[in-house]
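First comes one chain, alone, set out as structure tokens in the form predicted on its own.
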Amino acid sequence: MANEERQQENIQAPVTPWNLAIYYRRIFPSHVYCKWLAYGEPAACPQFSQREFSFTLENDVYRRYLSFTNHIEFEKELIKMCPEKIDIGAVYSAKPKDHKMLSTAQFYPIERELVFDIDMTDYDDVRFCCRGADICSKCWTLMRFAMQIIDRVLYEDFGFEHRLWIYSGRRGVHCWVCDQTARELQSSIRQAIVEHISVIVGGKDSTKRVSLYTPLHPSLQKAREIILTEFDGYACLEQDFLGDDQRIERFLRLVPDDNILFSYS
């Protein structure tokens, strides 16, 4: 029992600069990480030194506009600063660490990966097993649906070939689209792609409804086919959408057809 308690304590041990330094020195794949962001050897890619990194340090100290010439500089700074979180920014027209010496006409973003952030908290209206950042095997079905649908859209509708799906470490998944054409997209085009795959209208605190029209757009029809493969089991067995009056009411708030809503009121 004592051994089990010690193992549990080790699992729940807080993150400290000391164990972060060991992690960054011995485990974190700095070279591979930088090769990915440089799309080659960092030292041979001038744009790598123009990539912004941001570190969140102990006590929520936030450091922006960090940049490095190669993976060796990057690793040394990781070991020195021991960030609790690393954020990857855009590639700028100049080195971010020199931004204070440059005007806005000289320092501006020139490219960044197209990134999709899917949080499980966005699905609280259609799951009852967990809430907030909690995730279990039942509601993970929603993440699988989202990944399959978005991945199909990105590849078949837009032709993006280099897509990297990553578990966020807490409450969802991220998709990094790394094609050169995707990295160079303007903000308006990025927003148009997001709107192409969005069917929910309304914010977090408003009554949400799904905006669907007949006939379905071919992309939505393919999404429907993906969902139908497991929808009955998820909705009826795992989550029991219509299990009581409160759940029925929540479910009907997602229905766009007012005639259906009226017949159930």
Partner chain sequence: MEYRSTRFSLHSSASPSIKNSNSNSTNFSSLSLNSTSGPYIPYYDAYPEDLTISLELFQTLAIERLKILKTIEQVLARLNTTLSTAPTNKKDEIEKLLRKELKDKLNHLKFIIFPTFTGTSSNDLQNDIISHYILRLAFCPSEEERRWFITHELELFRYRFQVLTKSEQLAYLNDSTSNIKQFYELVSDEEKRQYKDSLIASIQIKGLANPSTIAKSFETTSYFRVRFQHVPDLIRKRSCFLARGYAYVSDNDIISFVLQHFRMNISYQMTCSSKKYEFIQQMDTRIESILKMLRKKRIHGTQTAMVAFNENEQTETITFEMLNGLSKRSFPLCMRYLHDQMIQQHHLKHLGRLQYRLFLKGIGLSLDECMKFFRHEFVTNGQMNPAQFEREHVYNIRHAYGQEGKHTSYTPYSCMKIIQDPPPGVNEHHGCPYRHWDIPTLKQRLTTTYDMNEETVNDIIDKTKQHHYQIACQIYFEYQHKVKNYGVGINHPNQYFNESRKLLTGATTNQNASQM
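Note that the structure is predicted; figures quoted are calculated from it, not measured. Between two forms, the rigid core is the largest collection of C-alphas that superpose within 1.5 Å. Positions refer to the first chain, counted from 1.
Beyond the structure shown, there is the form predicted together with the partner chain, which is absent from this document and is the topic of what follows.
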Within 4.5 Å of the partner chain in the predicted complex, heavy atom basis, the matching stretch of 149 to 157, 133 to 141, 77 to 85, 168 to 176 is 149 to 157
All of Ile22, Arg26 and Val61 within 4.5 Å of the partner chain in the predicted complex, heavy atom check: no
Please run the contact check for Pro46 against the partner chain in the predicted complex: heavy atoms, 4.5 angstroms, yes or no? no
So in the predicted complex, is the partner chain close enough to His196 to count as touching (4.5 Å, heavy atoms)? yes
Even though the partner chain is not shown here, does Met101 get within 4.5 Å of it in the predicted complex, heavy atoms only? no
Report yes if any heavy atom of Ser219 sits within 4.5 Å of a heavy atom of the partner chain in the predicted complex; otherwise report no. yes
With the partner omitted here, the residue among Val115, Val126, Cys129, Ile189 that in the predicted complex has a heavy atom within 4.5 Å of the partner chain is Ile189
Considering only 110 to 128, what residues come within 4.5 Å of the partner chain in the predicted complex, judged by heavy atoms? Ile110, Glu111, Arg112
Core-superposed C-alpha of Glu41 shifting 2 Å or more between this form and the one not shown: yes
